[in-house]
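First comes one chain, alone, set out as structure tokens in the form predicted on its own.
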């Protein structure tokens, strides 16, 4: 890659690792508020249309200390990290907070933010989880209007349809570029590692979309296909709200696997669906909420016509993945409740899979390594032509 391409990727990496530096600089340049968005379904185009910067709040890599004194340890690591960041003043840079999801643990973290940062607006409107009821579409449309009204109140800026349309186009362009990279990986291009793809997604969640798109275009302009090797092909599934540790990606590849697809929130799930530009913008944002669940079903939503397990099996057929690593954040209730169905479907289709439960603190690396190596060996025995991790290292 050229110097400009390397520098563009480094900017994304710095933003993903140190979002506060970017947010401080952005506020100084634009003199506009920065709004913290809780995962996973708030339409960020609404905030962008006010001139403010919507930022999806990230898990911190810092060990949780003060957060453990205010939320019980059976809350997931992401929510306890939010509480920890709040107590340490690390969320002070945000001018307001928005949430559209009714996860009980997430609401606990939002309540900590509401209590400790009482001088800042904290807004919650629940997007209905039952997708099939006769009143669902009207209710979602009502919520979209409520989001818009609150964004106007917090920022003091009236949102026009023209501004919404511009932001929808900007976000769609960014999603489409990112999808190109993920589709290339699915089709056999191994140029970008799983950690690099995560860097692209996380930085997109934080940055101004036009700035991020310009960086992506610089990186992708010089991208050349790198055929993937003969390692065992795996699909990563799960891990909502926050990004898995990059060390885990590295471990999987060291064991002789290559990641060919995923449905992670900080992955394919985030970029799966565009907002339809053919519809009126306020109606299009409501439509996006439904279309998103149809493209990659979410276990936090209930819809008779879509199932995560069916989606996953089809995804494996499309990518040629030979097995599934299920990444479950400890105490993630939505994932825990759905996992038995997922496991049942994978076993019924004779698809090798492995559940790895992750925690915020620490990673039992060698324990994971042993389990992953055993799974990969089972898959490899099905095909004598497989290249071993040792052979690849030689």
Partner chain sequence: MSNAKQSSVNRLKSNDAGRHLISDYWDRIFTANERNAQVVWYNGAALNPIFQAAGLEWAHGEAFAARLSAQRLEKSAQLAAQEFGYVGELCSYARTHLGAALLAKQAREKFDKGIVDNADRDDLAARLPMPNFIVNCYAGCSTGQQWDDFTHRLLGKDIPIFNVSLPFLWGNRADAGYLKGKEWEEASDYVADQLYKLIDFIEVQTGRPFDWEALREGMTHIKQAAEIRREAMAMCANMPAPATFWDWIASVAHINFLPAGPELVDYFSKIHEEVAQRIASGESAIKDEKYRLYFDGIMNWNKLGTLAKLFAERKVAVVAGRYTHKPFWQEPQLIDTDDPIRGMAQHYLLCPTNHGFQTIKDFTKNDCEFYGLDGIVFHSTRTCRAFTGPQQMLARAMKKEMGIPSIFFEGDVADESFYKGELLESRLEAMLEAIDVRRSRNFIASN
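For clarity, every value in this text was computed on a predicted model and none was experimentally measured. Positions refer to the first chain, counted from 1.
Quick note: we don't show the form predicted together with its partner chain, though the next part is all about it.
The candidate spot formed by 11, 26 and 173 is out of contact with its partner chain in the predicted complex: none of the three has a heavy atom within 4.5 Å. Stretch-level contact check against its partner chain in the predicted complex with heavy atoms at 4.5 Å: of 364-372, 325-333, 27-35, 45-53, the positive one is 325-333.
Think of it this way: in the predicted complex, its partner chain has a heavy atom of just one of 214, 130, 221, 283 within 4.5 Å, and the residue is 130.
Residue in contact with its partner chain in the predicted complex (any heavy atom within 4.5 Å), chosen from 249, 94, 182, 124: 124.
Interface residue remark: residue 81 is not counted as part of the site for its partner chain in the predicted complex, having no heavy atom within 4.5 Å.
Mapping the unseen interface onto this chain, residue 68 counts among the residues with a heavy atom inside 4.5 Å of its partner chain in the predicted complex.
Put simply, residue 300 is close to its partner chain in the predicted complex: some heavy atom of it is within 4.5 Å. Although the partner is absent here, residue 225 sits far enough away that none of its heavy atoms falls within 4.5 Å of its partner chain in the predicted complex.
Annotation for 337-370: interface residues with its partner chain in the predicted complex are 337, 338, 339, 340, 341, 343, 344, 357 [heavy atom within 4.5 Å].
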